[in-house]
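First, one chain by itself in structure tokens, the form predicted on its own.
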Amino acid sequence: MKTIRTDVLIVGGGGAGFRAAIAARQANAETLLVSKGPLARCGASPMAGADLTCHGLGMRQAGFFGEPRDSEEKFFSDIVHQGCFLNDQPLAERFVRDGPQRLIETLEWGCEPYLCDERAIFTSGVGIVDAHLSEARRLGTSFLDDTAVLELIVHDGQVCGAVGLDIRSGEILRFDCHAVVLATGGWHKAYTPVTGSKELTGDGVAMAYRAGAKVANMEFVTFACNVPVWPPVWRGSIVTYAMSLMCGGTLENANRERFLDQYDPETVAIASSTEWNKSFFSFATAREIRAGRGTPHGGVYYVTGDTPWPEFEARALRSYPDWKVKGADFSELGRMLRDGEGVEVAGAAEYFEGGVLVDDRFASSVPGLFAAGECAMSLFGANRVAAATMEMLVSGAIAGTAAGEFAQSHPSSEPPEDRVRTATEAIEAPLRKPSGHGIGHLRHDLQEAASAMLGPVRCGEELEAFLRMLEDARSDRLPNLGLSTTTRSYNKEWIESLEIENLLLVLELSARAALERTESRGVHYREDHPITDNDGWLREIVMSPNRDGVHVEHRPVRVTSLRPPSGTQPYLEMVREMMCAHSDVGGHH
């Protein structure tokens, strides 16, 4: 076993991890960043669109067009209203305040914008992460790629190290450190389809929880609407989601009925022009599918609607010349829309508001353990409004600074040998099982069940059934999974067998939180509790491990300047009211 020592260990090779590394080095801490895949080319960050959002005055400070009427206060108000007042307001204020500086430095480090609007610049995810990787290297950060950190070691109540795996050689690695920053993203691989990276398996959240850290807001999952489910080659692409924003169109069920007509026209119009579009259209689509009016492959039809084809095509071709998107040919999709066939679409898991519970310094409840980006509890509350790319930079900078300072003021002891040995044995356990198969089948079953029962529309009976399925999978199927080979080098099945355990854990936590929240709010809709209850549920659901399983507690939302409303309302009325309250500045991000 190889031992590697550093002050700060950062887990995750995307934007949050790189920004945390920069901040930790600026705090004069020796810093090592470990990435499960290739540096800056794995996870969600390089796949992002991507935009960096901040208020209009901040845009102007960075040298771009920015709405002069906009302000920190307006941007903050939009985030809190559209987050349905479940936001952690101190963190939301920090996001708004720090955004302009994160934007300016990203540009200074070499990221190239290609478009801007009144609250965002648009660039590429690759451009963002490459700029931050370059700066982290310049400051002397050390890196390991193709290395999976699999378990945290806690001693005397403080994080003191981790155990991981060199994927190329199969060698177990021991990391001794004084602080850890988790920047591992969400758990996209738990669903199908997804718009994000399928490499993300909830590793950071699961490791933190097993180490004793609290998690919060796990019930809130954003689903991107109008994402193709058929044919398989388009599955998970956001091309039709983007088209619906740029070109218009509407949705039809299997009976070719325009089911959006059953909703209040003002509600549909508001949803079409705010960040609630993802949630509302995924919700409406899921209701049609659950009512038995879905298409053959589990979606609804996206069609051009009342937009004349020449106008629709002209708008599409402005962004997708010759129907090409990042080298992929979507001309057949264009033909299907032109001929009125429609494209089968549905909601696809995109962003996870829940994660490791953090404070103002993005520190977890375990001393020495910090979290940034999507694996940390989101500041967006019940509905993400602004860019996750900006969130990862703001949180990464704060977490990295705090971790660097903690590492130098709170040195930890070496990880106890018995705990390192226990972690190592758990990691190597799949290699000792009889040869076999079944990992792919179990993962597929989990994905299908999560998408059906923990999707945009939930109900108590299905959530309870889903939890029973997870328990059966953990007790009956997981112990019987086998590997087809015990080769240690580049053994994908070995890695996936460990990831499955993380997926089971984060799905259980998410489902338990969804069952606990007996109301509908933001991206969480309970058809058996279709009321938003501001009197009883302006609270975060916080979970932590104990001897009996999962300990559940409620924490009131932290409020600074915007007082939440009182009373109860039907879900759609509440959302319409929240969306109408947002300012007239800013569009989709």
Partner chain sequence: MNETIRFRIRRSPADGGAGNGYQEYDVPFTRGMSVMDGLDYIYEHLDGSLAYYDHAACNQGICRRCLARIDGQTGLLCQTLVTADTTVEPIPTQDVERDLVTKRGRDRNG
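In this text, the rigid core denotes the largest set of C-alpha atoms whose superposition between the two forms falls within 1.5 Å. Note that the coordinates shown come from a computational prediction; the quantities given were computed from them, not determined experimentally. Numbering follows the first chain given and starts at 1.
Not on display, but discussed next: the form predicted together with the partner chain.
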{"item": "Residue contact check: Phe122 to the partner chain in the model of the complex, 4.5 Å heavy atom", "value": "no"}
{"item": "Pro46 within 4.5 Å of the partner chain in the model of the complex, heavy atoms", "value": "yes"}
{"item": "Partner proximity in the model of the complex: Thr304 to the partner chain, non-hydrogen atom cutoff 4.5 Å", "value": "no"}
{"item": "In the model of the complex, Lys36 touching the partner chain (heavy atom, 4.5 Å)", "value": "yes"}
{"item": "Partner-proximal stretch of 522-530, 66-74, 36-44, 538-546 relative to the partner chain in the model of the complex, 4.5 angstroms, heavy atom", "value": "36-44"}
{"item": "Candidate site Arg235, Ser484 and Lys492: all three near the partner chain in the model of the complex by heavy atom within 4.5 Å", "value": "yes"}
{"item": "The unique member of Glu93, Glu135, Glu199, Asp117 whose heavy atoms fall within 4.5 Å of the partner chain in the model of the complex", "value": "Glu199"}
{"item": "Gln158, Thr267, Ser142, Thr401 - the one with a heavy atom within 4.5 Å of the partner chain in the model of the complex", "value": "Ser142"}
{"item": "Core fit, then Leu173 C-alpha moves 2 Å or more between the shown form and the other one", "value": "no"}
{"item": "Core-superposed C-alpha of Met336 shifting 2 Å or more between the shown form and the other one", "value": "yes"}
{"item": "Post core alignment: Gly196 C-alpha displaced by 2 Å or more between the shown form and the other one", "value": "yes"}
